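In structure tokens, the next block holds one chain alone, the form predicted alone.
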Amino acid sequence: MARAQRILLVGGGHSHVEVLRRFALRPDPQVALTLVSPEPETAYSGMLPGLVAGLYTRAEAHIALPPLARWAGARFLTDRVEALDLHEKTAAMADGMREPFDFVSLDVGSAPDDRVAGARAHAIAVKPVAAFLAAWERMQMDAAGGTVRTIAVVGGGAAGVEVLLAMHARLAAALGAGAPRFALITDQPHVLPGHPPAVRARIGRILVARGVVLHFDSPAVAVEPGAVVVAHGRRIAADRIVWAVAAAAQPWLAASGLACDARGFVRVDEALRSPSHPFVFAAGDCATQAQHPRPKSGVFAVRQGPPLAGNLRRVARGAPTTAYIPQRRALALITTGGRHAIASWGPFVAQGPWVWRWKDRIDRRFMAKYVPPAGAGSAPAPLSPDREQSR
């Protein structure tokens, strides 16, 4: 009997959790799965603003990866991949080990672009999520102690708007009139570029009603201790600065020799497969589907999970892949701090508590899919004997 094909899943993102679920529901003896992730849990982006606002517990907003891997019969390695050797087909880990593979799939997400001077040292990035949540806990304690009086969020996209409104709601509920003041800084002439004007207008009214100071057409050129420097040398003072600008690629992807786009994201075809290295697949924010580019959004990453699982199963058996063409638009659900949200689909826009309840039901149903049945995969899969020490 032929050896099972080793498929290495790098990163526990939205696409890979669905790959694991599908292999759990339909095991394949021809496939040996391994998941590598630096964290034992992955945050669900749809519930992150609610977690920040205090509407969800950490467990409710995170998917536990080791139980999901066990359910799928996969090994789970708590580690970080730092490079790929595409000639030897090995992944170099942060702990010095090397993990061999026959096929590798990348779902490592993205990070806010911190190339602005001082951003890495003096701002709090919204990704990685674990680090942001730890910083948010400290920020709440400092606000309660009176040492944080102003908070600036840099980035006027959905991530920046939602996290600002979530932080505002949590601190206003806890501290009342003593809550910090907020500012939103963006290089755009309005918030939420890419969203319909009706959505932008509604969000703008909510921000103004909550006393948020809006700085439009203000590209950040530097971050200093206690201030964001924007174009023309203007300084916007803040005790804490949250960095939620457009996504950037992780540098090791392009450094590994994979074909990438101009921004460093892995190029993939309609099968979510690298055109330069056919044994490499990629999905989620770290990838760009060359023929069908879409926004970096959890909505699209979730939709890539099923076709990615199918194509990984096919290549392991030597079968041809199938094409995946993503939908051109997706339902947008933007939370506004409390139990209130705005929905948009093309020209349709609605808002209110009922939208939040609808979103909450969608999110909870999604998360329930990744809780293994009782007793499923109770014994962890053994370590592969061919994992070798890095030299």
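Computed from a predicted model, the values in this text were never measured in an experiment. From 1 onward, residues are counted along the sequence shown.
Note that the form predicted in complex with a small molecule isn't included here; everything after this is about it.
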property: Non-hydrogen atom contact Q289 with the small molecule in the model of the complex at 4.5 angstroms; result: no
property: P66, heavy atom within 4.5 angstroms of the small molecule in the model of the complex; result: no
property: Distance check, V126 to the small molecule in the model of the complex, heavy atom within 4.5 Å; result: yes
property: Q140: touches the small molecule in the model of the complex, heavy atom cutoff 4.5 angstroms; result: no
property: Listed residue that, although the small molecule is not shown, lies within 4.5 Å of it in the model of the complex (heavy atoms), from P326, G352, P38, P27; result: P38
property: Contact assignment for the small molecule in the model of the complex, among G305, G264, G204, G298, heavy atom within 4.5 Å; result: G298
property: Per-stretch contact check against the small molecule in the model of the complex, the hit in 318-326, 40-48, 343-351, 53-61 (non-hydrogen atom, 4.5 angstroms); result: 40-48
